[in-house]
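The chain below stands alone and is given as structure tokens, in the form predicted on its own.
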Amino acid sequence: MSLLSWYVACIQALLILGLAPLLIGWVRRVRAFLQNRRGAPVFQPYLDLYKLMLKETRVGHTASPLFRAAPYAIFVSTWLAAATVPLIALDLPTAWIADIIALVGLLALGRFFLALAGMDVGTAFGGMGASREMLVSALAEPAMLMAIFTLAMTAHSTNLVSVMESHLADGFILRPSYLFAFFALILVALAECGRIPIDNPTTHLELTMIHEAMLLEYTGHHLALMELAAWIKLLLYGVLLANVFLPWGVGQGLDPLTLGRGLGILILKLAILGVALAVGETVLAKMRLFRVPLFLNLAFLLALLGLLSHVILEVGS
């Protein structure tokens, strides 16, 4: 690997930090427009992070050192997971770790610390949110793995770069297995990122919140890291949907024109996904908690149908 490829890999990692607040700001702005509200500016999440960084960080007297370390572990694991997914280029030093198993493992590591942090102080809300988070993740991870394995069977590899290169080499082919896997991953993304209809990230109603229940005791830069990690996870799933299923536009070279075109196409894809997310959150309502397993069972069923359709229609033929 050349020195230029390492520079591009570092720039790509920094782009994750820059695009994650922009994506959440875009979703909020579009949702406000659809709800006939003025809404905050698109760059408001950057200002929110800056405000939280300046505030004093207070920690409960019953908190252990784990409570203080959890925000850093969650942020780093989520950032590393997002950095494994190609954003604007394929031929990078991070290609060898861009594996779906490593990706799921890093996300699970962050979720593990998030649940421990929620239970650490001993509040009722934290424990409730942690138990609900584990319920959602236990049902969402198998569906996610099944959806990605459907793509991996075509490329004969679980490496995301190999999957994308295989798609680019085959050209645009409308496969039923991909459609099933695509919609399954959408359902998983809504659950993992705590979006409607699974969770409402804008409410603090104690009977319904999941992710927010584990953040109630955090303040200052600790809360900023937790919020940024949640936004990075949303960006991660957006990039998975945009680049892994539709890799056209991702740069196969490292020249400035190719990288610039890849960045522009990526932003366009994320903008479209942001509009779709805002529309969904406007027309849908949050479902009851006991219906969440049915929702994620549907995601697993779609992913399984994708895998079976690949075996029957593509491998069998």
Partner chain sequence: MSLSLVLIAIALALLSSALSLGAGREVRIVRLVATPLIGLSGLLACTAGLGILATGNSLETVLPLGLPWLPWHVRLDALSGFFLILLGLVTAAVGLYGSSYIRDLEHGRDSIAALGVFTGLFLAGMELVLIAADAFVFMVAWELMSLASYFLVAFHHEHAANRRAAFLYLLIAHLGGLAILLSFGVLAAFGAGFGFESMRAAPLSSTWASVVFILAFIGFGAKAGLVPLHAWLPQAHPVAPSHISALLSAVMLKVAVYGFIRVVLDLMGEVQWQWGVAMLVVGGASALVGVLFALVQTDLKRLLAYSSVENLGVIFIALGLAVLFLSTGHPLHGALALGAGLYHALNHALFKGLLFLGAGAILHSAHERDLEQMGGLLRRMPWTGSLFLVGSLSISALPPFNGFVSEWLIFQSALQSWQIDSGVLRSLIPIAAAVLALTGALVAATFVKVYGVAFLGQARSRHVRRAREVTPAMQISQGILAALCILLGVLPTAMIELIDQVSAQVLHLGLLQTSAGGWLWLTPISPDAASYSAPLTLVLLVSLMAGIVWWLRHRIPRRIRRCDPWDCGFAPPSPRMQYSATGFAQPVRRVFAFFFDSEEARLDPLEPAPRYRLRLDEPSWRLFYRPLAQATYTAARWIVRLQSGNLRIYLGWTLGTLLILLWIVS
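This structure is a prediction, so every number in the text was calculated from the model and none was measured. Numbering follows the first chain given and starts at 1.
There is another form of this protein, the form predicted in complex with the partner chain, and it is not shown here; the text below is about that form.
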**Prompt:** Quick check: do Gly18, Phe180 and Phe183 each get a heavy atom within 4.5 Å of the partner chain in the predicted bound form?
**Reply:** no
**Message:** Quick check on this chain: which one of Leu80, Leu240, Ala189, Ala230 has a heavy atom within 4.5 Å of the partner chain in the predicted bound form?
**Reply:** Leu80
**Prompt:** Glu141: heavy atom within 4.5 Å of the partner chain in the predicted bound form?
**Reply:** yes
**Message:** Please tell me whether any heavy atom belonging to Ser137 falls inside 4.5 Å of a heavy atom of the partner chain, as the geometry stands in the predicted bound form.
**Reply:** yes
**Message:** Can you tell me if Arg261 lies within 4.5 angstroms of the partner chain in the predicted bound form, counting non-hydrogen atoms only?
**Reply:** no
**Request:** Answer for Gln252 alone: is it within 4.5 Å of the partner chain in the predicted bound form, judged on heavy atom distances?
**Result:** no
**Asked** Quick one: which of 267-275, 36-44, 288-296, 252-260 gets within 4.5 Å of the partner chain in the predicted bound form, going by heavy atoms?
**Response** 288-296
**Request:** Let me know which residues along 80-114 have a heavy atom within 4.5 Å of the partner chain in the predicted bound form, or say none if there are none.
**Result:** Leu80, Trp96, Ile97, Ala98, Asp99, Ile101, Ala102, Gly105, Leu106, Ala108, Leu109, Phe112, Phe113
